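Here you get one chain, nothing else, as structure tokens; it is the form predicted on its own.
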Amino acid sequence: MDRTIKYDGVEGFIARLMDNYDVIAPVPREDRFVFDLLTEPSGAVMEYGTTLLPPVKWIYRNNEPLLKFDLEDIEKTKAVIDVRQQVLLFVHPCDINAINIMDEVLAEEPADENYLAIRRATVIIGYECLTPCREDTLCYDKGCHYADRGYDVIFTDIGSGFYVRVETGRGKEIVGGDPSFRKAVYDDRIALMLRRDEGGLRFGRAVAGEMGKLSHLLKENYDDDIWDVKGERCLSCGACNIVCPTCYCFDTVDEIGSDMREGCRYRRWDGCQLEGFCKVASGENFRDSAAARIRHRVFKKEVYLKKRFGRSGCVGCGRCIDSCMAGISIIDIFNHIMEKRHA
């Protein structure tokens, strides 16, 4: 059920979405873009660079209440799942692929019921990239500059308006009854193919090697000097974890009310690059060096997740590179490992 919509019809479509959903969309903030709750339909932008935080953070929330408890009556403890019907609007393909990864990881037993409930209440409306968002990106290498699933609806600019692919029943409900859309015809599909062909020429590879062999090459270079070299620069700040669209580690914090009786347990994001992440009660730290932590993060994305789920945990968005105050680039690490193979 493919549709098209004129440029001047999009704002009205967003307004109608806002009548039924919380609509979270990319909006400008100073010199950056962020996903934020829309208050006006005109606030959303379609052409935007990589956002500071990925949209999945609206599904996998920080400071999220998980349960409420009564210290005097444990039987009153109850789970808390704050579910709101929401739309993530104009999501780039790399971030759609990231949400697909999170869906799979967090559905594995023991399933993350909070994430899954919020995910079920979330409509994904994508926006297909026809040009790279930035230079430091691996999305083309990873095959994540395109998304073939994980969205309800996706827009593609075809020059005369937008080609709109509808993939789910929920997408059909949203688009099917909206007067701004019309049925796509043969000429629209030709325009879509031409625009995609033109867009594909703008993407290039950042890593000189076959990405399919990266997992194996990393295992061969577990003790390579690259980890110490990068570790000497790393500040262990955890910024790369916070901005990554497929990092899901968290800690829990219990807060007690002023009556010292009732309280709430919260999920708070955590990160494997923080110095105390692997420190246990005895004082032992199983990854006490920045080099070991960097290696673990790379192996988690490219080795461990690939072994468990058959795909890399990195979608190549480049946020970790952009956020690193020490200038550490995962592209440099990958290229170093690839070059070792030919040395």
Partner chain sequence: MRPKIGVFSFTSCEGCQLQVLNLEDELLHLIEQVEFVNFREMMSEKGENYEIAFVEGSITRESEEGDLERIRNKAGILVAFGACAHIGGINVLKNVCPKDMWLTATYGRRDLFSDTIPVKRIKDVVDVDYVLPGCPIDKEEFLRFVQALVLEIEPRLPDYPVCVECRSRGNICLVEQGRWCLGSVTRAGCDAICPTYRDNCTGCRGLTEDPNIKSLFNILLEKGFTREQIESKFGLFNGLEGISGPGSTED
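Given the structure is predicted, the values throughout are model-derived calculations rather than measurements. Numbering follows the first chain given and starts at 1.
Here the subject shifts to the form predicted in complex with the partner chain, a form of this protein not shown in this document.
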- [ ] Would you mind picking out the stretch of 230 to 238, 155 to 163, 199 to 207, 88 to 96 that comes within 4.5 angstroms of the partner chain in the model of the complex, counting non-hydrogen atoms?
- [x] 230 to 238
- [ ] Indicate whether the partner chain has at least one heavy atom within 4.5 Å of a heavy atom of residue 257 in the model of the complex.
- [x] yes
- [ ] May I ask you to check whether residue 275 falls inside a 4.5 Å heavy atom distance of the partner chain in the model of the complex?
- [x] yes
- [ ] Find out whether any non-hydrogen atom of residue 269 is located within 4.5 angstroms of the partner chain in the model of the complex, and reply yes or no.
- [x] yes
- [ ] Report yes if any heavy atom of residue 329 sits within 4.5 Å of a heavy atom of the partner chain in the model of the complex; otherwise report no.
- [x] no
Open item on the list: Please identify the residue among 242, 184, 130, 226 with any heavy atom within 4.5 Å of the partner chain in the model of the complex.
Closed with: 242
TODO: Could you list which residues of 312 to 334 come within 4.5 Å of the partner chain in the model of the complex, counting heavy atoms only?
DONE: 322, 323, 325, 326
